[in-house]
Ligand code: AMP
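Only one chain is given next, in structure tokens, and it is the form predicted alone.
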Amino acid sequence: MNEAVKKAILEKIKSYDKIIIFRHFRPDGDAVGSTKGLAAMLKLTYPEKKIYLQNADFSEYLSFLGGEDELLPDEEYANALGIVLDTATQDRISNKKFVLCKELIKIDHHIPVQNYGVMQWVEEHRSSTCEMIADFYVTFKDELKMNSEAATYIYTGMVTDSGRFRFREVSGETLRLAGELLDQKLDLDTIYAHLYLRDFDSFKFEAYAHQEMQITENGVASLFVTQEMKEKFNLSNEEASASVSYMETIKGSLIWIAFIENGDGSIRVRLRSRFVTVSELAERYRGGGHACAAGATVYSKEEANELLREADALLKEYKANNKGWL
């Protein structure tokens, strides 16, 4: 699929001596895994090239994958090819110096919202951008090189963005590409331990969160995580955001939403769903994403309640016109 654009991207990579790789802010496993995986793969294949990761924020949760490069001076961007991964719109790119690159390529699996760069390779049916990077490797396997380090980055992103290979975007191709990475003899015990072992305090927070959850009339589950709650349970923003998963197994609740206060006046919104498309709702509140996994931002509890009312109306309509949901 998209063989022509993949070939064009490879040729563009080969034509540059310097490549700078970017991702979105507040990075998840897919953003970190795809950028670090592509960088590692290109360094193996083209040791004569200068390959850099240039981002303005980091993920404590994914720190086991290692750090990124120190920020370059502005003049280093001038003759570089920029590659932006897992980022639907330019305003979400972590390092704003991407505009200084000579040319830009977009590689992403989100619903297309904005075209940018001289090339765009977007496959919204993919479970992750990491899956696309794995596909890029397999497509040009006779030229590109892979090792266990690069495969670990890419596999980690595939695991996290696919919900451990459970989400609707997972296909047979997803698992075949994961198999290509597993052939690099990955240390799965260590990967899964870093991803899913939790500090004891987080279980106390989960118990508390279950008491604080709310359900709307039509079945939208929600949780509001305040700054006070984060301080009380010593939660990072990532740990607080992960609370959205606490609600995913409530029967009859096809939409679940976590609101997380950021401390700067903004409130991060994480929307998840089963069957129901929530990406359009997220787009109305400064966000977007996938059909059943999206994010948004609101700036008051009143606006959060407005979003919640819209979600409830959306779920009411879905239940009235569809059968077979649980």
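Just count from 1 along the sequence shown to find any residue number. This structure is a prediction, so every number in the text was calculated from the model and none was measured.
Beyond what is shown, the protein has a form predicted together with adenosine monophosphate; the following relates to that form.
*Asks:* So, in the predicted bound form, is Leu42 in contact with adenosine monophosphate at a 4.5 angstroms heavy atom limit?
*Replies:* Taking the distances in the predicted bound form, the answer for Leu42 is no, it never comes within 4.5 Å of adenosine monophosphate.
*Asks:* Given that adenosine monophosphate is not shown alongside this chain, does Ala293 nevertheless sit within 4.5 Å of it in the predicted bound form, heavy atom to heavy atom?
*Replies:* Ala293: yes, in contact with adenosine monophosphate in the predicted bound form.
*Asks:* Taking the shortest heavy atom distance, is Arg284 within 4.5 Å of adenosine monophosphate in the predicted bound form?
*Replies:* Output for Arg284 is no: heavy atoms all beyond 4.5 Å of adenosine monophosphate.
*Asks:* Quick one: is His110 in contact with adenosine monophosphate in the predicted bound form, heavy atoms, 4.5 Å cut-off?
*Replies:* Although adenosine monophosphate is absent here, His110 would touch it in the predicted bound form, with heavy atoms inside 4.5 Å.
*Asks:* Heavy atoms within 4.5 Å of adenosine monophosphate in the predicted bound form: which of the stretches 34-42, 66-74, 285-293, 49-57 has them?
*Replies:* Residues of 285-293 come within 4.5 Å of the partner.
*Asks:* Looking at adenosine monophosphate in the predicted bound form, which residues in 262-276 have at least one heavy atom within 4.5 Å of it?
*Replies:* Contacting residues: Arg268, Arg270, Arg272.
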